[in-house]
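In the block that follows, a single chain appears as structure tokens, in the form predicted alone.
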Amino acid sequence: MKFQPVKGTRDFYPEQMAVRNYIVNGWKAASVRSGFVEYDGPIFEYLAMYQAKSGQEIAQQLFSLTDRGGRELAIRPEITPTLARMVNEKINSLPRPIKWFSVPRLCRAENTQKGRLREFFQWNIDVIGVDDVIADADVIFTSIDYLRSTGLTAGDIQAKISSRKLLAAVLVELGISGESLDAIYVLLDKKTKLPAETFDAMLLEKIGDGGVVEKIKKLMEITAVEQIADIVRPGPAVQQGLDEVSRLFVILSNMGIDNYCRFDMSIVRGLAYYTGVVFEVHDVTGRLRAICGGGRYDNLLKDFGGPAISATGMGMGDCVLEILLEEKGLLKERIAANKIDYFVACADERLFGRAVETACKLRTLGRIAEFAYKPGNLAKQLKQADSMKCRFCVIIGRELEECGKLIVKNMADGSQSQISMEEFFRGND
């Protein structure tokens, strides 16, 4: 019987593994640059933990199981609940601010489509314990800092930023009850995914007032903070939200990424637990799903049985990111192929031991070195070195061996030179 990979999963052959490592290593480097420290948790948790965050319907969106003890478990679809559990467990001993990052492997029982798989890797960064937009700005900066390091420019991507706090204040000012807000957030988050007529009809059904519906539709088109006043007269709550967003953009300008960022009230983020600044990073063409998204979630730790502590964070999956980097031609030029520093060849089979000794000494010195397991003629060994994309080929011959020398051949341009073994190893020390 021939087996195939499970739908929505990937096999990582060496070429694909190089891409994955490039992305993950870049995520980790960007996190460390911004002062985040790494954590991780178990690959499965109690199902109830995910239900506490996202409701009963989450059970159909993840892979769940019952263990031999009758416990209902789930393979993690995200790591934020694990973060909340871990922080709550040691909240009194953790220094503030808590700046953690993780790169978990996640699984979701999704319908697969471009940029969405059932198994994927996701970069998460979170700042806990800071009730100020400076933390939100730091999360956005770290996200853009990484994307910028891949070669993506402000002409390729944009961080669209809004505020759930500001949106709530405006909706209440328009006469929407606080109890209705969560349902409206979910609908507004689907605006770009629904036909205009369908969205309008659904919004009218929820609001019941055509005039208010028109104002909400105009609100979703706003791309400048000042335009809010054209929709509603700013009361104290609205003004507080406006001031907070304005200050955020000043900080982002100080951070040098304002050209990557713009205000966009259509960014809502459907999950109910967002409480303040929310953002998503998209390719400028809008053809792909969001590259990443996040925002402030000040109630999550409390909802998981901990104290009321401010928090903000972001998640970035590898699937959409890889598609964009590939389309922009930024992978081939930036992934250093697993190039071997030296291939040690011997022109005489009797020198095989010397070739092995030389290769392993180079490895001990920190160089990537290879040799033929079954030495053939020199031409075949040179061909093998070339196929393995080696930078240099070290050639050991009988006459050279007797005078303590070897040949170093540059595989890129074909040039070669003789050098004493002592000098060669000294240059690689």
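These numbers were taken from a predicted model, which means no experiment stands behind them. By rigid core we mean the largest C-alpha set that fits within 1.5 Å across both forms. One rule holds for the numbers: they count along the sequence shown, beginning at 1.
Just so you know, the form predicted in complex with another copy of the chain exists too; it's not on screen, but the next bit is about it.
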With a 4.5 Å heavy atom cut-off, would you call residue 284 a contact of another copy of the chain in the model of the complex?
no
Do residue 39 and another copy of the chain share at least one heavy atom pair within 4.5 Å in the model of the complex?
yes
Going by a heavy atom distance of 4.5 Å, is residue 392 a contact of another copy of the chain in the model of the complex?
no
Using heavy atoms and a 4.5 Å limit, would one call residue 34 a contact residue for another copy of the chain in the model of the complex?
yes
Could you check which residue among 78, 348, 119, 200 gets a heavy atom within 4.5 Å of another copy of the chain in the model of the complex?
119
Which one of 242, 86, 222, 309 is close to another copy of the chain in the model of the complex, taking close to mean a heavy atom within 4.5 Å?
86
Sort through 227 to 235, 177 to 185, 154 to 162, 135 to 143 and report the only stretch with a non-hydrogen atom within 4.5 Å of another copy of the chain in the model of the complex.
135 to 143
Heavy atom within 4.5 Å of another copy of the chain in the model of the complex: which residues of 300 to 314 qualify?
303, 304, 305
Core-aligned C-alpha movement of residue 421 between the shown form and the other one, 2 Å or more
yes
